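First, one chain by itself in structure tokens, the form predicted on its own.
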Amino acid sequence: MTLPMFLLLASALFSVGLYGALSQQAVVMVMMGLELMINGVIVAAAALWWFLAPQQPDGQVLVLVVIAAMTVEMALGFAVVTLLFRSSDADMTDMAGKLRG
């Protein structure tokens, strides 16, 4: 595959994630949209590093660190959503916004 194909894939992932994050009201679906957006950025960054400097592993190592951080962040986010649902049956973003105090 060529660099424009990877960038097209990355922009498609980002666009679908943006649509999913903005159009959904369920907290889990918003998080899935954010996950797709981050994956699009990761694909674009990895493709750029691969095509610009294929002999240096700096870019690939940074992509692996970002993926690990993203995994931990999403796991914590899902834990918070699960706790929020168990404590007050709030599974929509407008319900979660009313939980002050």
Partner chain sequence: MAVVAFVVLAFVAVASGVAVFTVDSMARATFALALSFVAVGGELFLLDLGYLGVATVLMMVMEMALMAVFMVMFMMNPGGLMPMSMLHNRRGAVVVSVGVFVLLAAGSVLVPWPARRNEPPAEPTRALGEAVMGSKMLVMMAVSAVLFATMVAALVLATARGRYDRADSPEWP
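Residue numbers count along the first chain shown, from 1. Please read these numbers as outputs of a predicted model, since none were measured by experiment. Rigid core here is just the name for the largest C-alpha set that superposes within 1.5 Å across the two forms.
What follows is about the form predicted in complex with its partner chain, which we do not show.
Enquirer: Please tell me whether any heavy atom belonging to residue 88 falls inside 4.5 Å of a heavy atom of its partner chain, as the geometry stands in the predicted bound form.
Expert: No - in the predicted bound form, heavy atoms of residue 88 and its partner chain never come within 4.5 Å of each other.
Enquirer: Sequence order please: the residues of 34 to 56 with a heavy atom within 4.5 Å of its partner chain in the predicted bound form.
Expert: 35, 36, 39, 42, 43, 46, 47, 48, 49, 50, 51, 52, 53, 54, 55, 56, in sequence order.
Enquirer: Core superposed first: is there a CA shift of 2 Å or greater at residue 84 between this form and the one not shown?
Expert: Yes; residue 84 is a residue whose C-alpha shifts (by 2 Å or more) between this form and the one not shown when the cores are overlaid.
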